[in-house]
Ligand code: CP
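This document opens with one chain alone, in structure tokens, the form predicted on its own.
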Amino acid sequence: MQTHLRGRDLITLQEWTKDEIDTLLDVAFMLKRERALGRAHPILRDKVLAMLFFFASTRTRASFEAGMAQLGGHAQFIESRTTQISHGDTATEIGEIMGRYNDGIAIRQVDWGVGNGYIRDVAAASRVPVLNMQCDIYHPHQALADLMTIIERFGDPRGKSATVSWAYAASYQKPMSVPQSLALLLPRFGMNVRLVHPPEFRLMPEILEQAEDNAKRGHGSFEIMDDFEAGVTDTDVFYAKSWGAMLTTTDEGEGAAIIDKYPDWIADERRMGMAHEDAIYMHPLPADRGVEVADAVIDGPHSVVFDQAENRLHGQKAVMALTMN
């Protein structure tokens, strides 16, 4: 267990060692047990987390706010449009000022080509930890919660297969941060990851290179496929969600037209039946029901989406407790 995480930023788990991530998991499961037993754990009493949102949220805001309250502190919700950012407050000024007012800064900024750079610029200027609540490249707290959920269901995840697949959803070009974070994290824990998507929905080349290297080091595997049904056959984890074709086009109209080529990429009962008998279905929510996933799957016996959502709370509490204490 690592004990030197105070003050650390969490922008991507790729920048944390496996031992450090193991520590996050240990603390997350401990805090989850403590909450189940009704035991108070005011580890961050009188601490304040600034939460800066450039993008709407349900689970992320609610789980960070609840987590800080349960840790004895306070979460300060800041919607970017209520600030002076559009009138000139720079990332450096946000880092300097919010870092002097608060004990941590959490940011959600998913604009393609902007989000990650903005968060890193704030972190460079901040004297307190900066936590990535989702950017255009990474969603580390979601990936941590997903790994927790897999461990709860299967125990040691080594040797288990995980299908991280694109799925159809016409609402908008969703960020690719979830599949990229999963592709990076799961192979480090010895899982055999299948990244499945139509050709237009490829992920960032540097992320794929790192995922392949992580698989070698973690004694797992990483494979890219374009056949949806082959990808889900005999898998243990069926994780199907939509993301945009940002590396093919950044034009919203062109992106929507590409998405509309693949309406049959839905996680339905037939495809769920191709997975292992005890396989789990995962999605970070919100899901486009009847489009991305059938109701019978997301509400069915294989679904663990609400466990994932709960584990956002416990994983994030571990991150805050270890970095902001």
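Numbering starts at 1 and follows the sequence shown. Keep in mind that this is a model prediction, so the values were computed, not measured.
One more form of this protein, predicted in complex with the ligand, exists but is not displayed; see below.
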Check: Can you pick the one in Gln142, Ser126, Ser161, Gln109 that has a heavy atom within 4.5 Å of the ligand in the predicted complex?
Finding: Gln142
Note to self: Just to confirm, with a 4.5 Å cut-off on non-hydrogen atoms, which of Pro286, Gly273, Gly300, Pro42 contacts the ligand in the predicted complex?
What the structure shows: Pro286
Check: Using a 4.5 Å heavy atom cut-off, which stretch among 292-300, 53-61, 22-30, 66-74 contacts the ligand in the predicted complex?
Finding: 53-61
Item checked: Touches the ligand in the predicted complex: Arg312 (any heavy atom, 4.5 Å) -> yes
